[in-house]
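Below you will find one chain, with nothing else, as structure tokens; this is the form predicted on its own, and questions on how it binds or moves follow later.
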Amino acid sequence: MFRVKVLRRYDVSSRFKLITYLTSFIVGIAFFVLFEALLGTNPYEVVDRLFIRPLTSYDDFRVSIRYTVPIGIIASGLLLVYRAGIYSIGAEGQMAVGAVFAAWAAYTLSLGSPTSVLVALSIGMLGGIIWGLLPAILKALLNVNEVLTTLMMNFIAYSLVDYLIYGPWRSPKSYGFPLTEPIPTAFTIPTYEGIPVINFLVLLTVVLFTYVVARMSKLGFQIRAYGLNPSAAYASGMSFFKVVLLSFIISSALAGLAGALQLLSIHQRLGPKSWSVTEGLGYTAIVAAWISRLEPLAVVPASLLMGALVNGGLAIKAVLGQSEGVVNLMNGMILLSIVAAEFFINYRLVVRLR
């Protein structure tokens, strides 16, 4: 018989971590490709559509960058709450409400560019903060499970958007489709050959901001302390309420910013799920945050990878006739591979014969 013991690793090199992550990621993708092969799909074509074309073809790369920006902005905020041991999954709803608030600003305010864009983005961030405050307060004061509250807030946000696009904001010129009017030109953010250059610069600024917060600020130290040992952090006098509230506010604001950017530069109107500003990217950003190992500077390559996978996932749906469930399965396999990598980084298995 075999006897398996799980032993803790205490001294893990950066090289070992990198090798473990790469190996786990490759294994996750290999299982997905194997699954596709069992469905009768050409494995090479799957790999080509998922990884090669989204990063090597200029036309496909432009689309990958479009997805990279919101994923990276949201992941930058999520890594702060995750570092504190708070597992929010509410970025999707915060992103949607940020877009709603930015749309309200565009339809209501009369400002000149570029002031109009800055105001709309700021109001979008405010929308994200408002949507994240209730789960934050419940967690900080009553220790209510944030996974449940943030998930429920996502569905409420979807319902809010549906109410607006089917009700008071529905355009009379949309031929019966549940779409709002296009936002005024003064509030739009231009793209260059389909590449959201301004949005990408915003992403780099956000990454730098979260690096400073996570690595150089008192708040970042307190966030790490609570994530590593909540009891010791509390005993040392650190405020759990402050850590939860501020980390939630930053994360929610960045999700709202991502939604506002999507609205002002890409979609330029609100619509139903098939035209949704969020496009499920709030959930994808969770995977990107974990792939980056909650390191701010690693968010950009991690988000680019996930942006390419989102682009590739759409390609295998459109070109290879795959269902959305297959694409979700791919994301799940990748996330499980990252979880497995975390386990093997922190622990090792010793197998002995009895």
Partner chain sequence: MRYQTVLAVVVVAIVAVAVGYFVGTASAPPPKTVTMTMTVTTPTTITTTVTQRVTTTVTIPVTVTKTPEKLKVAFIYVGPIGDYGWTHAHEVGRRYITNLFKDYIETTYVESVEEPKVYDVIKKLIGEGYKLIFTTSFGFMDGTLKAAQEFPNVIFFHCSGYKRWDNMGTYFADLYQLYYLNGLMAGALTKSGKVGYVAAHPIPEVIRHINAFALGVKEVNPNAKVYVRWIHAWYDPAKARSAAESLIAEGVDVLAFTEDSPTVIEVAQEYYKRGMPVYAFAHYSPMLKFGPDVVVSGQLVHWEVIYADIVAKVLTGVYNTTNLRNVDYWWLLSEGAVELGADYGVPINPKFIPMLKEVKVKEKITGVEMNVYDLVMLRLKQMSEPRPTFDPFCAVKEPILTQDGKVLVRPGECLSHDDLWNMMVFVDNVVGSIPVS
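Numbering follows the first chain given and starts at 1. Given the structure is predicted, the values throughout are model-derived calculations rather than measurements.
Beyond the structure shown, there is the form predicted in complex with its partner chain, which is absent from this document and is the topic of what follows.
Taking the partner from the other structure, its partner chain in the predicted bound form has no heavy atom within 4.5 Å of any heavy atom of S122.
Taking the partner from elsewhere, R224 is found to have every heavy atom lying beyond 4.5 Å of its partner chain in the predicted bound form. By the criterion of a heavy atom within 4.5 Å, N328 is counted among the residues contacting its partner chain in the predicted bound form. Proximity of E146 to its partner chain in the predicted bound form: non-hydrogen atoms within 4.5 Å are absent; the residue sits far from the partner. Screening 100 to 108, 253 to 261, 75 to 83, 171 to 179 for residues having heavy atoms within 4.5 Å of its partner chain in the predicted bound form returns a single hit, 171 to 179. Just one of I291, V63, V46, L304 comes within 4.5 Å of its partner chain in the predicted bound form, counting any heavy atom, and that one is V63.
Highlighted residues Y211, Y234 and Y283: none comes within 4.5 Å of its partner chain in the predicted bound form, counting any heavy atom. Contacts between stretch 308 to 338 and its partner chain, counted in the predicted bound form as any heavy atom lying within 4.5 Å, involve V310, N311, L314, A315, K317, A318, V319, S323, E324, G325, N328, L329, G332, M333, L336, S337, listed in sequence order.
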